[in-house]
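What follows is a single chain, given as structure tokens, in the form predicted on its own.
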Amino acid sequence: MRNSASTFAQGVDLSLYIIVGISLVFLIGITAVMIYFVFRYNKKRNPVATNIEGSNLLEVLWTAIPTLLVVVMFYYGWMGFKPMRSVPDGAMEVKAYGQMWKFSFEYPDGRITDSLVVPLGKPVKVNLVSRDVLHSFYIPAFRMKEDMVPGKNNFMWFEATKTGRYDILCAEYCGQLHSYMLSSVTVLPESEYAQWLASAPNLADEHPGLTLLKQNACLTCHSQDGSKIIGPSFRGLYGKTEIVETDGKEREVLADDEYIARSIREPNADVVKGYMKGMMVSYANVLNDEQIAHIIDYLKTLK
């Protein structure tokens, strides 16, 4: 349990150890019995087949023992799970948004951040919201995982027991860049957390176009410094002449408002030469006209 960092870790680890222990006992025991039977009851040693009929003792044993073991595993699993659904009064609430392919976090004061920061030793309730498809919010060091289901309210809560920075992963396949959906939770002493909260950058104060690019994980595939990632860089894109493939034919297009808006709504209509088709999903049902206009305005600043 060296990597555990929440009050729930011990209960989860204990139930895992019990289940693995019981499984190992059965694996070793059944394997040993099979090997014994192979030698004891082979045809040379036992030419007449051995058959046991009507043994009430065996019937009781192979019914009662598995039932008892299942009850034991259920008990420890339930005792580890039950506290996870009982949020203490006064817990700090944070809203976590999941979308392809990024997590973002909204604090009670309206501040929005790319990563989660929490105080040490204080209960934190995380309300889980999906903006598109099914995601799973997973903090391995806290031994916690909950699904983010579109249209459904869900939550998790925890109390961190160690300071440090811990990974947040998406544990549900959510599309081509699922493995890029990473974030972190940083646990700070309460005094340092108060200082962070007073000075932390707020995504809501950025250019709205940049905020939308971050919230929709556009910067996972498109750089702002001219470097090539999965898709074309945003730097110098606006006003640039691109060679694209449209319906299997190459043509030149000007990266203006119309082209960028179409690329957001129909990303596979005009694919820039040298890049793969089908790598980007449509944002037609995610971003409205006003939001797309904000993005275009921001791209104009990336000379």
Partner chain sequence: MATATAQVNYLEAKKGIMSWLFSVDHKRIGLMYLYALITFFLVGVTLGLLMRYELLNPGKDLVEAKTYNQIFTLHGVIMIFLFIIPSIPAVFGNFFLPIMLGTDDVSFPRLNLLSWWVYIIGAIMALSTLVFGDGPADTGWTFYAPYSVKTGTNVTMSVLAAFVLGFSSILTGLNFIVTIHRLRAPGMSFTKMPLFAWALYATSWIQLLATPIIGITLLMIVAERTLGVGLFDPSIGGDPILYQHLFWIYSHPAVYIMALPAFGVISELLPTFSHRTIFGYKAIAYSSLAIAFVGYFIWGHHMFTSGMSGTARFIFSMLTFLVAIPTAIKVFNWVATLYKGSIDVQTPLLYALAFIFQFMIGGFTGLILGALATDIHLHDTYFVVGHFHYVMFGGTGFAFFGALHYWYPKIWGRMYNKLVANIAFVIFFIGFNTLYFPMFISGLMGMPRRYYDYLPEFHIPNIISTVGSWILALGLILMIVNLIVGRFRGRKVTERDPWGGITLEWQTPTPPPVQNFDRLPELPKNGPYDYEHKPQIKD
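Heads up, when I say rigid core I mean the largest set of C-alphas that superpose within 1.5 Å between the two forms. Numbering follows the first chain given and starts at 1. Source: prediction; values computed, not measured.
Although it is not shown, the form predicted together with the partner chain is what the next lines describe.
The partner chain is not drawn, but in the predicted bound form it has a heavy atom within 4.5 Å of Lys145. The shortest heavy atom separation between Pro47 and the partner chain in the predicted bound form is within 4.5 Å. Heavy atoms of Tyr138 reach within 4.5 Å of the partner chain in the predicted bound form, making it an interface residue. Although the partner is absent here, Gln176 sits close enough that one of its heavy atoms falls within 4.5 Å of the partner chain in the predicted bound form. Note on the interface: of 217 to 225, 113 to 121, 86 to 94, 67 to 75, the segment with non-hydrogen atoms within 4.5 angstroms of the partner chain in the predicted bound form is 67 to 75. Interface residue among Val272, Ala269, Leu254, Ile30, judged by heavy atoms within 4.5 Å of the partner chain in the predicted bound form: Ile30. None of Ser233, Gln195, Thr163, Asn154 but one reaches within 4.5 angstroms of the partner chain in the predicted bound form through a heavy atom, and that residue is Asn154. Scanning 92 to 113 for heavy atoms within 4.5 Å of the partner chain in the predicted bound form gives just one residue, Met100.
Fitting the two forms on the rigid core leaves the C-alpha of Asn46 displaced by at least 2 angstroms between the shown form and the other one.
For Ile229, the Cα coordinates differ by 2 angstroms or more between the shown form and the other one after the core has been superposed. Once the rigid core is used as the reference frame, the Cα position of Thr31 differs between the shown form and the other one by less than 2 Å. CA of Leu177 to CA of Pro267: farther apart by 3 Å or more in the predicted bound form than in the shown form. Wider separation of the C-alpha atoms of Pro267 and Tyr180, by 3 angstroms or more, is seen in the predicted bound form than in the present form.
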